[in-house]
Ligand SMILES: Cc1cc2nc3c(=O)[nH]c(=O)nc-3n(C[C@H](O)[C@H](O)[C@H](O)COP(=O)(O)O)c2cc1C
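In the block that follows, a single chain appears as structure tokens, in the form predicted alone.
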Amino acid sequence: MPSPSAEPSEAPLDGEARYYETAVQFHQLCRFGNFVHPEPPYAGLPPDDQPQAAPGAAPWVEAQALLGQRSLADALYQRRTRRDFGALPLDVADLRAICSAAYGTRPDPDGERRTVPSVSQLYPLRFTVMAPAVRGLDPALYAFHARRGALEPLEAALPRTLQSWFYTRHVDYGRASAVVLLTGRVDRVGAMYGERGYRYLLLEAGHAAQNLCLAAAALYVPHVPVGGIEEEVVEKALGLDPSRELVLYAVALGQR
């Protein structure tokens, strides 16, 4: 692997500098010019694991009907992090609308269009929804399928307490209606962009999570982004291969 353009300091590190030196070095390593950019036709690109059915209009129409009552300015003004929640569960239609706004597919005459930009239209994110208290859904784990706007149950079991999947403690998980977990297929972006693919994975997760928060704000759903995740616990519970798929981010959706 080529060396980074800037040499790391030879001076010993102390204090908090130790915590970010590796991050800085990695950022330098994945600059253009420091990694070997694969050439097309990208024969090693892993297949998209989302169902290939054409996007339907119904989920998007449902989301528009719920979200279209608020302007973007309203949602931006309303958006704020809440760690304490109410007692009124979220409805399944609201949950689908929030997920569709975050990472959904809308019909378009020119082909598939999503609600977020994605490098080379790879769309490597997956949404797993922990749904302990959603009206219209059994308490379980669900996969959100972006192309169909559908929530489909997974074989993996919902944890006995949501807190067990998170380092972050100051969230009222006991009154969460749902938690949306974002994982990313690093094998898809890495096959095309090498080390730099990890940057793009994080950027896309940020785009999707902000959409999710704005949609939740538009529907008056209290919410909090969570970065402190027990990654090994989640990987084991969901059967993820951490060399191919990474746990990135989560957003807890509270009861109103």
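Note that the structure is a prediction, hence the values are computed from the model and not measured. All residue numbers are counted from 1 along the displayed sequence.
What comes next is about the form predicted in complex with this ligand, which does not appear here.
- Query: What stretch, of 166 to 174, 142 to 150, 129 to 137, 87 to 95, brings heavy atoms to within 4.5 Å of this ligand in the predicted bound form?
  - Reply: Heavy-atom contact with the partner occurs in 166 to 174.
- Is every one of His37, Pro46 and Met192 in contact with this ligand in the predicted bound form, taking contact as a heavy atom within 4.5 Å? No, because His37, Pro46 and Met192 lack any heavy atom that approaches this ligand to within 4.5 Å in the predicted bound form.
- Query: Using 4.5 Å between non-hydrogen atoms, is Arg80 touching this ligand in the predicted bound form?
  - Reply: Output for Arg80 is yes: heavy atoms within 4.5 Å of this ligand.
- Message: Taking this ligand as it sits in the predicted bound form, is Val224 in contact with it (heavy atom to heavy atom, 4.5 Å or less)?
- Response: Looking in the predicted bound form, residue contacts with this ligand include Val224, since a heavy atom lies within 4.5 Å.
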